[in-house]
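Before any questions on binding or motion, here is one chain by itself as structure tokens, the form predicted alone.
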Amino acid sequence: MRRSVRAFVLVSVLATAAAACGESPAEDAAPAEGDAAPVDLSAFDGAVRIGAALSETGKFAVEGRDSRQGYDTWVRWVNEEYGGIRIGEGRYGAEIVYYDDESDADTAANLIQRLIDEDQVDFLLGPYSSGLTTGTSAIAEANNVIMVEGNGTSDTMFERGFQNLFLVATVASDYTKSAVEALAARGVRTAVIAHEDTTFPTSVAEGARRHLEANGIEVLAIEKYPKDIQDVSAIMTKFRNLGPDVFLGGGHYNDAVLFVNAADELGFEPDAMLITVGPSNPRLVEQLDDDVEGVLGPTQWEATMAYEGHWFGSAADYAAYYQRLWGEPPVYQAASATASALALHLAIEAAGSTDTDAVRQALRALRADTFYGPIAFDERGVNTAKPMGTIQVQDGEILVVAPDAAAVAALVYPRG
């Protein structure tokens, strides 16, 4: 193995900013509410050590929590249900070392270097967001450490020729494809786009513009805004005055809240609202209630989709297992995280080793049907086998409405 087999205890470290500076994390740091108890790995032949920097605090704390629970779902399953990662004749337990990247790119990069140099992890799992994944994956590449991820989808990351970055999810430029096609079929003719001026939202917006124009929908205006914006009323006022059929917002969870609240306050009532992150999360429905009715959103995965595989069973089976662990249903960010860990796990088993070159080759050759959908990586390291879905909030429920093969309900347009 590339590094020696290590201790037989599950490591879950929550680091503060001091960790990025090389200080030890506080020993009494409290785990996030609902954290799984440490798993005893003493029955295994050894352990595969994996590292992850995730947002426990800051802008991406919601998505970071979901991602961590997704990773920990795999850890619990592989150790307790599956019997460990099979390497040759041995069974190896999984352990993940976590640090809080505070939703900050510099902190995330420093922590990834720490995971490699000090914690000596065998592999890495990605953070949440393209902004954080861009820098952390560069650190991984420079150190020849594989990173598998599902929540950093900006197309530009996969134009760098990296050999060690693998994405199980659909790339950002195709996030809106199925929704735009469905809206075009219902007679939509005009649209406006607002997006955060960072990598992921920009990739989503550029892809959305292409999909809109390809489907004969005129883009009346595109507005970009700075990271961590607190007020989008000026943008939404301009869009209200243009009177588009569709508003498309590219950002993250907090941006979805701003878009919906501003539209409600300003009387901006387009026939459709399509927002990239948020609508597929039950927390947004709870937070905004009727204001989010009829809003559309892309989704990498939903429990109702007809995906299944040898590991975890069907999408519904995975959702039930996750619910038992965490007391809440999984959002797609959690499923993407679990699928990332699973893809790495399958590649290690196929390689029969934790050697980087062997596992990389196994990832490139991987063909698997899973609860998350099909996984097969192209030469960039992108999973091109899985299409993107679209959900709509209908009577408080989050229902898949596109593409037709995955839909469980008809898209409501106008949204009313």
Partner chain sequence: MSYFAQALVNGIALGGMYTILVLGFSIIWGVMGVINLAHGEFVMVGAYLAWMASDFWDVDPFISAPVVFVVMLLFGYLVQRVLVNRIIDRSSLVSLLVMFGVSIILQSVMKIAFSADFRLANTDLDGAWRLSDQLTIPVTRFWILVVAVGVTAGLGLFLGHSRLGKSIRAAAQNREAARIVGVDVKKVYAVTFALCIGLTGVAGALISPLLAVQPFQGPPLTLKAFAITAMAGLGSVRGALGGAMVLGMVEAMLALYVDRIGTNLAVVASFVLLVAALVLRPQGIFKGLRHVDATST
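Numbering follows the first chain given and starts at 1. Quick caveat: nothing in here was measured; it's all calculated off a predicted structure.
Here the subject shifts to the form predicted in complex with the partner chain, a form of this protein not shown in this document.
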Within 4.5 Å of the partner chain in the predicted complex, all of 45, 87 and 146 (non-hydrogen atom): no
The partner chain contact at residue 61 in the predicted complex, heavy atom, 4.5 Å: yes
4.5 Å heavy atom contact, residue 287 to the partner chain in the predicted complex: yes
The partner chain contact in the predicted complex: residue 80, any heavy atom under 4.5 Å: no
Exercise: residue 283 in contact with the partner chain in the predicted complex, heavy atom 4.5 Å: yes
Candidate stretches 220-228, 341-349, 168-176, 318-326 - the one whose heavy atoms come within 4.5 Å of the partner chain in the predicted complex: 220-228
Contact residue in the predicted complex, from 304, 314, 261, 190 (heavy atom within 4.5 Å of the partner chain): 261
Heavy atom within 4.5 Å of the partner chain in the predicted complex - the one residue of 74, 123, 247, 253 that qualifies: 253
In the predicted complex, residues of 228-246 near the partner chain [heavy atom within 4.5 Å]: 228, 229, 230, 231, 233, 234, 235, 237, 238, 240, 241
